[in-house]
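Just one chain is shown here, as structure tokens, and it is the form predicted on its own.
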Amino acid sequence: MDNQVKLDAHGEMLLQQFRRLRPKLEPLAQEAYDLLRHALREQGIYVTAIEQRVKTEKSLTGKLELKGAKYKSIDDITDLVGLRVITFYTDEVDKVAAIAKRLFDIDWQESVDKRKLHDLNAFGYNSLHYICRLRTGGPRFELQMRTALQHVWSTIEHDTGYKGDVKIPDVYMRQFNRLAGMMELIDDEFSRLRTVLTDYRRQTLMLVKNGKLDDVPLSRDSFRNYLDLQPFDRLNRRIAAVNQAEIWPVSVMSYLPVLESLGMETLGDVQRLIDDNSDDAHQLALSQLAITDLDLLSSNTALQYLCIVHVLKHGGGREGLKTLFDHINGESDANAMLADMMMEQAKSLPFMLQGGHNI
């Protein structure tokens, strides 16, 4: 073949060593991969990808043609086996590195943290590279750790020929460098934003635990933390006692937009919904359930009755109830009939008479 690479005698000797070593490399790559994947899962670190590969003979031959003279033996080539871990955030690269230190013996002289080079055009190459060996011995292998954005940028550079043989004009080099700087900034900002949000969630959880509910805006995270306190449990048990019914657990998270539609802005508003309306919600449930033999209630029953009473107390009437049921059940003509039935059930209850809401 005309394009076949011609190696000198030393290169041929290294290639023969590789062929003899190759049967050990596939099991090595798989064992290192399995160890790393298991450890990441055990530590609860979720990454976008873990990859492993054994260098092909074609790739090695090309490398030996260019710089085979620098290697005395095949053992000096540290990337015959390569692993790559791609993380979502920059700080997770260091977490993966800490796990790698526990799993493998690291050759610190050969390892390099390219993130510290600070070259303007090096964003896509800012990986952390460890040269490792299994604790049980065997050939060394390379472990690359980088973020998803670094990996994407590296792929873009390769695809566009940025590192190719043709010299790229300065005007295009400048655009590459500007984009690399923007990508690095985005990478850092994603990590910073995650840290800020994590701190916010911790503060929110602490406020909930300390009962400072008026200081906690109503949101998906704060409502989920609030539900850990089982705020509707007592009213659910009171309602279930009407027929000695069993309470069937279901998610109450779907009621978050319902509460927001009722004007709730903080967890304090939700707590006042419970405090101000529980007795009336119980009376309304009693008027409906006492004439049935229903023996199974979902755990969102209490919240539904609380919302109904809230609408009626605030003058929402039939239209307000229909809107509420549209939020809960999805828009349907049946919700108008449900609203009429609920108005009929509620009209003689004390909170309707005292509040002047009787129809």
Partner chain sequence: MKTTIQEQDGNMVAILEGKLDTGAAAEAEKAMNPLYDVEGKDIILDCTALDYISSAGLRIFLGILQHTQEKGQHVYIRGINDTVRAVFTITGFSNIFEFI
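These figures come from a predicted structure and were not determined experimentally. Positions refer to the first chain, counted from 1.
What follows is about the form predicted together with its partner chain, which we do not show.
Colleague: Is the gap between residue 342 and its partner chain in the predicted complex 4.5 Å or less for some heavy atom pair?
Modeller: Looking in the predicted complex, residue contacts with its partner chain include residue 342, since a heavy atom lies within 4.5 Å.
Colleague: Look up in the predicted complex whether residue 21 has a non-hydrogen atom within 4.5 angstroms of its partner chain, and give yes or no.
Modeller: Although its partner chain is absent here, residue 21 would stay clear of it in the predicted complex, with no heavy atoms inside 4.5 Å.
Colleague: Please check if residue 50 has a heavy atom lying within 4.5 Å of any heavy atom of its partner chain in the predicted complex.
Modeller: No.
Colleague: So, in the predicted complex, is residue 334 in contact with its partner chain at a 4.5 angstroms heavy atom limit?
Modeller: Yes.
Colleague: Checking a candidate spot here: are 33, 130 and 134 all in contact with its partner chain in the predicted complex (at least one heavy atom each within 4.5 Å)?
Modeller: Heavy-atom distance to its partner chain in the predicted complex: none of the three under 4.5 Å.
Colleague: Identify, from the list 71, 200, 190, 248, the residue with a heavy atom within 4.5 Å of its partner chain in the predicted complex.
Modeller: The residue from 71, 200, 190, 248 that makes the contact is 248.
Colleague: Which pick from 255, 176, 226, 153 sits with a heavy atom within 4.5 Å of its partner chain in the predicted complex?
Modeller: Filtering the options by heavy-atom distance leaves 255.
Colleague: Can you check 323-331, 58-66, 24-32, 38-46 and let me know which stretch has heavy atoms within 4.5 Å of its partner chain in the predicted complex?
Modeller: Correct option: 323-331.
Colleague: Can you name the residues of 275-303 that have a heavy atom within 4.5 Å of its partner chain in the predicted complex?
Modeller: Going through 275-303 in order - heavy atoms within 4.5 Å of its partner chain in the predicted complex - the hits are 288, 289, 292, 293, 294, 295, 296, 297, 298, 300, 301.
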